[in-house]
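We give structure tokens for two forms of one protein chain below, kept apart as structure 1 and structure 2.
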Structure 1
């Protein structure tokens, strides 16, 4: 598969990340005229994604970010489906963005890799599970890799292209060219490692932030302010956790500790407490901050 052969891009998973990855491809890949399909086995998720896409594009036109003509082109190139298997069968490039569950992902890759074309590139957006975990059940694993977008995918420019020991050089270079063609700044990670590059650096910052809070050194707000005003971070570590989900931080650290056995990799006790309370950030209304009152809980 080459970049010029990619015509149809299928995003599996119509959640927040899947929606934005698909929209970014249709919006910023207009020069390539990609046909983009968002598919999900849950009809309600597809309906929600379709409604979100229409409202998002309408807003872009209202703010004069795109013309009505451009909006019409994007809408024509963006379609929605409840049939994952049929969508995969016609794809040239697949990006999986479903739940972070190893068993479910393995079942998906085993099934779709038999249905799609032999040279269709299959990427997982997972930031925690390397593609090697799916290679043994994937037909033609040389076309399998991690293609990791950052949240929010419509804003963040970085895409991490992760080479597994099974991934061909052609797959890596085509995935890199694809990401660049949709307005992203891709980097190639030559060896699989949990968390890849950006999230490992962020994990170290988050670990230290939680340690400072746990020891009573500074408050949530002041630690965030230090990072934003002193280090020029666009968002402090606690605000970022609230945005991406405290539950996500918990699961990633839990799984990493299970693999490494290193106490450093354990979730912070403060994160565990928030997780058990169901205070997972913006999506639940409360996390490190209270979004019902916009003040710290």
Structure 2
């Protein structure tokens, strides 16, 4: 598959990531006039995504970010479906963004790779599962890879293109060109590694921030200030953890430790304490900071 052969892009999974990946493809790839199908096995998820997309485009026009004509073109190119199999069958490029469950993803890859064209590129947006986990059940795994977007996918420019041992060079280059054609800044990761590149670097920063806090070297606020004012981070590591969820940090490190057995990968005792107290960040009203008082944060 070459970039010029990609006409129909099918996003499977109409959740938080899928709806934004689909919209990004239609909106920022509009010069390519991609036909984008967003599908999900749950009708309520499709309905929700359709409603969100209409509202989002209306807002873009109201803010003069796109013209009404562009909005009409994007709306025409964006379609919604409950029929995952029929959608996959017409795809040139599939981006899988369903629930993070190995068994369910494997079942999906096995099914759709038989239904789609033999050279349709199949990318998984999984944050934690490398495409090798699906290669044995995927027909023609040379077109299988990770295409990892960041949340929110309409805003964050990075896309990590991850090569599995089964992935062809042509697949890597076409996926990279595709991401670039939708306004993204793709990078190529040459070997599979849990967490890929950006999240591993972020994990190292978060690990050091927690270690400094554990040792009483500086406070949560001062460590965040050091990163924001000294390193120009848009947000310190504790504020970021509150935003993404302290529970997410806990689960990722717990699973990584279970896999590696390396003490370094263990969740910080302070993270475990917060997790056990149910103080998971913004979503619970309290994490490293208190959001119930509507203070400065």
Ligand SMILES: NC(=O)c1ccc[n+]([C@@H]2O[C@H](COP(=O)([O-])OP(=O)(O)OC[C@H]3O[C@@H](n4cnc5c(N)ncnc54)[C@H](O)[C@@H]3O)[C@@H](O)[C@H]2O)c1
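Bear in mind that the values here come from a model prediction, so they are computed numbers and not experimental data. The term rigid core refers to the maximal set of C-alpha atoms that superpose within 1.5 Å between the two forms. Numbering follows the first chain given and starts at 1.
In this pair, structure 1 matches the form predicted on its own, whereas the other structure does not. For the relative rotation of rigid parts between structures 1 and 2, the listed residue sitting on a hinge is 199 (options: 103, 170, 154, 199).
Superposing C-alpha atoms between structures 1 and 2 shows the smaller rigid body rotated by 14° with respect to the larger one. If you overlay the core, the Cα of residue 270 moves by 4.7 Å between structures 1 and 2. A C-alpha shift of 3.0 Å is found for residue 229 between structures 1 and 2, based on superposition of the rigid core.
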